[in-house]
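Presented as structure tokens, the chain that follows is alone, the form predicted on its own.
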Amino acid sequence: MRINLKEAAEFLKSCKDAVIITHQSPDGDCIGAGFALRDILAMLGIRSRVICSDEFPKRYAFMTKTGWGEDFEPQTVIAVDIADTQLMGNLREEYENKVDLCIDHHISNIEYAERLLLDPDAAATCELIYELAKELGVELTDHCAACIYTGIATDTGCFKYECTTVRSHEIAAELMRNHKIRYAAINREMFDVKSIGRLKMERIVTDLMEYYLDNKVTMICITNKILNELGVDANDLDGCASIPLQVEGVEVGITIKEREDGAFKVSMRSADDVNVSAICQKLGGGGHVKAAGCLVTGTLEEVKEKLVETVRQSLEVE
């Protein structure tokens, strides 16, 4: 059941002992939303904790250093920035049929939760968390403000992606005006700082970049072999999905990352009018019009072939 901002705020005021689920391969938006919501619930006198199937990358330590929350038997389950229960990872079996409220901005949300606060026009789930805080009348802590700022900054690519709206800039300005946020340090850590291994990996995958469909589609493959040889941690891969789209004239950029279980995580980015969410939905995934993903099984060559053919069909239709 879809609900509005006021209804979501009323539900949060009445909930108890909440567990807040963030998606696997956590990013700045889901982590920011999870920990900001935990702060907000604490201000309402409600216990909560943030959980994830994967470890949080070290670069987000300034958000997670306050701890994941108290240990208790949850009475309320909240999902943030999770469009599909598959994205819960190994938490799916326990929680997929127990979600009381989902707060999300993905147009591909499958509406699995009992209550859904969804705004596809929001650039980040953290924007909805900010609006909820205002609706609830709570005064944000500096930590909470930093979490929300980080979620918006990362999901907008430091405010350069097309999903960025006037409201995105307004919220960021309000946070910067009213709170002590080390925004320059946050943006440097999110967008500029890379490990030596990551830089070496970028050189290798760029050299091995593949081109398809008259160079309208580019693809990079990040295999476990490459990661192991360079000593690169999976948490160092944030932002890799933008690499294939840096080539002039490319309409769709594809990044394939091999997982430990042998499956391949696929990230797609669109430069102009191609709806990569629709393409990924055909492969069991989804996301935003210009940034989406899916999980594909098979050998690397089979996965490549399947991806290129699916994109080819979509480009022909358009």
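Bear in mind that the values here come from a model prediction, so they are computed numbers and not experimental data. In this text, residue numbers run from 1 along the sequence as written.
Below, we refer to the form predicted together with a further copy of the same chain, which is not included among the displayed structures.
Among residues of the shown chain, residue 162 is one whose heavy atoms approach a further copy of the same chain to within 4.5 Å in the predicted complex.
Mapping the unseen interface onto this chain, residue 213 falls outside it, with no heavy atom inside 4.5 Å of a further copy of the same chain in the predicted complex. Contact check for residue 245: a non-hydrogen atom falls within 4.5 Å of a further copy of the same chain in the predicted complex. In the predicted complex, a further copy of the same chain lies farther than 4.5 Å from every heavy atom of residue 225. Interface residue among 194, 134, 98, 180 relative to a further copy of the same chain in the predicted complex, by the heavy atom within 4.5 Å criterion: 194.
With the partner omitted here, the residue from 51, 271, 42, 283 that has a non-hydrogen atom within 4.5 angstroms of a further copy of the same chain in the predicted complex is 271. Across the options 140 to 148, 111 to 119, 225 to 233, 182 to 190, residues that bring heavy atoms within 4.5 Å of a further copy of the same chain in the predicted complex belong to 182 to 190.
Contacts to a further copy of the same chain in the predicted complex (heavy atom within 4.5 Å) from stretch 195 to 223: 195, 196, 199, 203, 206, 207, 209, 211, 215.
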